Structures are given as structure tokens and as C-alpha cells.
Ligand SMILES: Nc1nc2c(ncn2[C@@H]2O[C@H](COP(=O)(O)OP(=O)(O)OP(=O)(O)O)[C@@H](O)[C@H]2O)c(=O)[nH]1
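Just one chain follows, in the form predicted on its own, and it is written as C-alpha cells.
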Amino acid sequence: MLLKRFEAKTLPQALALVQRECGENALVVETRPTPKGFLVVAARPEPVPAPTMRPRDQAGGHTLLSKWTRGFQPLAEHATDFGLSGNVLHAVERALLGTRVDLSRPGDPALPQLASRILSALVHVAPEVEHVGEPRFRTLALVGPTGVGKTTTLAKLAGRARSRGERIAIVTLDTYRVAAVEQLRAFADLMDVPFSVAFTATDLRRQLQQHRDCDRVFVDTTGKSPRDRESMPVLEGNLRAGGCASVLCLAAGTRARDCHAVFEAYEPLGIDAVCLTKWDETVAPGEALATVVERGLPLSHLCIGQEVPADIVVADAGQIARAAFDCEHAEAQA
């Protein structure tokens, strides 16, 4: 896998260079801000050559050849069931080929841990979303498609901040969904924190000014379909007027194609972090996870249930990677 560096003034411009050079299915390994803009490290996915002949089994039928090395195959099969994409798994396997583990046969006891370490390096996390005093995330807007649990996620994050002793306020831009305002107002009253409704960018800017003494302000937004491109500029204008950081909420069970559509629609907002919601409601969260990895976006949280504020955890790349490869089971078998 040949890695290439791409630099541009903005992240969308850098990703456009990646797509132009490496194709739509490019594997993004790293993204980071630089003094001059953004740096993206990416690679063109290498196709797996199809065999010219397929051997026959003892009954004379054609056997199916695995596209993985024998040692990596059990891990790859579990990770595929988990939902991880071939691009991500091939990147892990190529990295393993440069180590001392034996991939010619299954059973190397060092393989599960090493594979999970490599995968965890590809999963970028953003724990600083919850860091007290982090100016970038002082005003935090929850964005995403309808039905992914933005309001519930906001309540969980606000509850965690409140339990840490932070002074918080809640503002909603969601005046479209029935009872959305009342739901958040009731939650704000329960926590005894300021709550207000903003209808325009001017409203939001004024209310954020009123809450300038708070440690953190959480902004709820209306869910937008990825196909509703006409309303995105309005949302973008509102968030830019408020200087909001954007955390994109995405259901963990979302299929890869739909994930890409969501990211392309919300990319103009500037996605600062991703929260995978409803992790407990799917057996294959890897498709959404792989899309986040391939796009080089940082993962901030996982929502693992409906309890507020308990059922949300800060994303841990190591734990996610171990789950993807079922390391505990693999080590027990070894």
C-alpha cells in the first residue's frame, strides 16, 4: 500500500485531491490540521487479483478461495461479520505482512492483539470533545439525519457535563419536529440549566452571547435527510453564525452506501467529530465505523442504550478494534 500526502487550505479541498488521485474508495489513514491548512495521508485501494484457475475439491466441484492469508482469515471473517470493509481489512493485513507474525497458518497467539493494535491506529478518536476549557468544543452542535438520536445524545452529553460541574446551557434550532422543544425544555428544567429556542442565525448569535459565562453550550438541530441539499446552506449559516463545532450523529447500523451519502451531504458544515448512536441496536456496526475510518474523521462517542446520561461512552479505539476482531474469543482458541 503506497501512502501519499495531500495538503490543502481546507479539509474538503484536501479530500478532493485524495479522491482525484486515489479514487472514490481511497483509504484515508490520517488527517490533521497544519499551520497552512490540512494534511491528509491516503492510499489507493489495491484490487485483489482473481485467480485464473479454481481448484476442484475431491468431489470435483469448485472450491472457494479465500482472499485472505490463512493466518489472517479467521480474524478477517469475524471482522467482516462485524461489518468492517475490505479496504480497512486489507490495510490491516498488509501492515501485518511487515511484522514477524506468521500468516501462513492460523493460530499465532500474537496475531489477534497485533491486528487490533493496527486497526486501533486507524480509528481516530476525539476525547477532547469533553475536555473542560477546550475552546473548539465550547459551543457544540449535534447534527445528522432524522431519527438517529441527536436530541437524546445531546441530553447525555449535557448530563455528563453537568455531572462534571460544568456550567451549561441548551439552545435548540429544532422547531420543526413535534414536541422537540418541549422535550428539551423538560430536560433542561430537570437539570436546572438555561434553555432557549433560536429561529434564525441572529437569534442563535444573540443567545450564545447571553450564555457567554457558561463553560459549554449545547445546540440541538433539525434532522436533515442527505437528499435535502436545499436546507443544508441554512443550517450551515446558522452554525457558522454561532461559531459551533459540529458533532455528526450517525446510527451505527447504517449501511456503508448510506453513510457515504450522509457524510457527503454534511461535509460542507465541517464535521469536527462523529458520534455513532444506537450501537446496541445492531450486530454489524462495522460498516458505519469503516466509513468513518476511510474518511479520516475522528470518533468521539458511542451511544449504547437509551438511559440518560448513562448510556454513552467516550470512543476507545483499542476496545473497538478488539471487538471487531473478537480478540477474547480468538485468544481463548489459541
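Residue numbers run from 1 along the displayed sequence. This structure is a prediction, so every number in the text was calculated from the model and none was measured.
What comes next is about the form predicted together with this ligand, which is not displayed.
Arg177 is the sole member of Arg229, Arg177, Arg206, Arg162 with a non-hydrogen atom within 4.5 Å of this ligand in the predicted complex.
With the partner omitted from this view, the residue of Pro145, Gly253, Pro74, Gly83 that lies near this ligand in the predicted complex is Pro145 [heavy atom within 4.5 Å]. Within 4.5 Å of some heavy atom of this ligand in the predicted complex lies at least one heavy atom of Gly223.
The shortest heavy atom separation between Gly149 and this ligand in the predicted complex is within 4.5 Å. Contact annotation: His301 falls outside 4.5 Å of this ligand in the predicted complex, judged by heavy atom distances. Proximity of Thr277 to this ligand in the predicted complex falls within the 4.5 Å heavy atom cutoff. Here the chain stands by itself, but in the predicted complex one stretch of 133 to 141, 89 to 97, 152 to 160, 207 to 215, 152 to 160, has heavy atoms within 4.5 Å of this ligand. Taking the partner from elsewhere, every residue among Gln183, Glu281 and Gly305 has a non-hydrogen atom within 4.5 angstroms of this ligand in the predicted complex.
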